[in-house]
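Presented below, as structure tokens, is a lone chain in the form predicted on its own.
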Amino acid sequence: MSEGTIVAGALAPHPPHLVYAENPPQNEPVAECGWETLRWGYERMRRDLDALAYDVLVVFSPHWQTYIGTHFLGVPHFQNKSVDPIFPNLFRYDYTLDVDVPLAEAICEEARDAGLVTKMMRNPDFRVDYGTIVSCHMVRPRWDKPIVSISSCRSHAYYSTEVMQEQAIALGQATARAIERSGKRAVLLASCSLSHRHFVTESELPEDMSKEHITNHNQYLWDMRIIQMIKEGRTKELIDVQPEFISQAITETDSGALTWMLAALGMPQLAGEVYAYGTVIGTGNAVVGWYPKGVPA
């Protein structure tokens, strides 16, 4: 068997508004338009990812929250309806997805051997979280690739950002080792926004873009600082600044998703391809790809 490899990593934010605005057949609510900058950025990233040969999407979601260890989907097939608890008027999505259980088990075992607490989730009636669903839909709306879904062990909330960083790095390194042993080609998805302060009220028409903007300028400055590091490949600095970024901008990177993905890529001094930056209900979102062998031609 040839060695497996990570062919790409992506920062793949999961606001349900993006699926709503695309009007896919799986989602009940119908939109007129909205959030084009981010949606078109996802379209460009999809074209680049489609130029790569890969077998599986491995996604780390802040919305599958576990407090005792990191969990992995361990059922081969899921079919259900996902309803966003905050925006049920926008996201009522009928999903059908396949799970690469052997790879999930391999990552789970590798992470356990590295000293992390891990568990396989074997409940066939489990409802897959909307973060996993939205990111996977926006990256691969055909749903023709199996996924591995990884929970966010909330060590940031239970202990500290520093503990979260340490555990996310160990999990990323374990993920890379398991993928290498598997012989499979994987794309990693860090399913999270950057700054994450929300509006507290919704517009009468959610897709009215005249109402969309960043919640405050301080958030925007932090997002631009992070994106500049991404564009310049300053990965170590990006990881080192996370505790301050999380504290100041209430960022969704507190889940460990971005740290996990960059650790799995080996903390490369590699510039990310920034496809888009935009706001959704006041949060800052960037669509970014990292390609260890270069951006596909």
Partner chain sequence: MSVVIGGIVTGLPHPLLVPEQNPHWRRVRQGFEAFREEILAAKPDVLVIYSTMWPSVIGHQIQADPEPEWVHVDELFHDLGSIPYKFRIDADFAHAWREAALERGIHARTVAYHGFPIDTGSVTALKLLNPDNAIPAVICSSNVYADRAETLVFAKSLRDAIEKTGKRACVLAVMSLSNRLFTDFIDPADDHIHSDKDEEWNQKLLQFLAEGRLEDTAQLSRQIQKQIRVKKVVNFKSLWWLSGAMGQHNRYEGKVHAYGPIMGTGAAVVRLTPSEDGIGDKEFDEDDVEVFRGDRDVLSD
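For clarity, every value in this text was computed on a predicted model and none was experimentally measured. Residue numbers count along the first chain shown, from 1.
There is another form of this protein, the form predicted in complex with its partner chain, and it is not shown here; the text below is about that form.
Of the heavy atoms in M121, some are within 4.5 Å of its partner chain in the model of the complex. Contact annotation: H213 falls outside 4.5 Å of its partner chain in the model of the complex, judged by heavy atom distances. At least one heavy atom of E202 is located within 4.5 Å of its partner chain in the model of the complex. Using a 4.5 Å cutoff between non-hydrogen atoms, Q228 does not count as a contact of its partner chain in the model of the complex.
The single contact residue among V83, V101, L221, M209, judged by any heavy atom lying within 4.5 Å of its partner chain in the model of the complex, is V83. Checked against its partner chain in the model of the complex, the candidates A51, V30, C33, I68 yield a single residue with a heavy atom inside 4.5 Å, and that residue is I68. Candidate site formed by W40, K236 and A263: none of these residues places a non-hydrogen atom within 4.5 angstroms of its partner chain in the model of the complex. With its partner chain left out of view, the stretch that reaches within 4.5 Å of it through heavy atoms in the model of the complex is, among 268-276, 242-250, 51-59, 255-263, 242-250.
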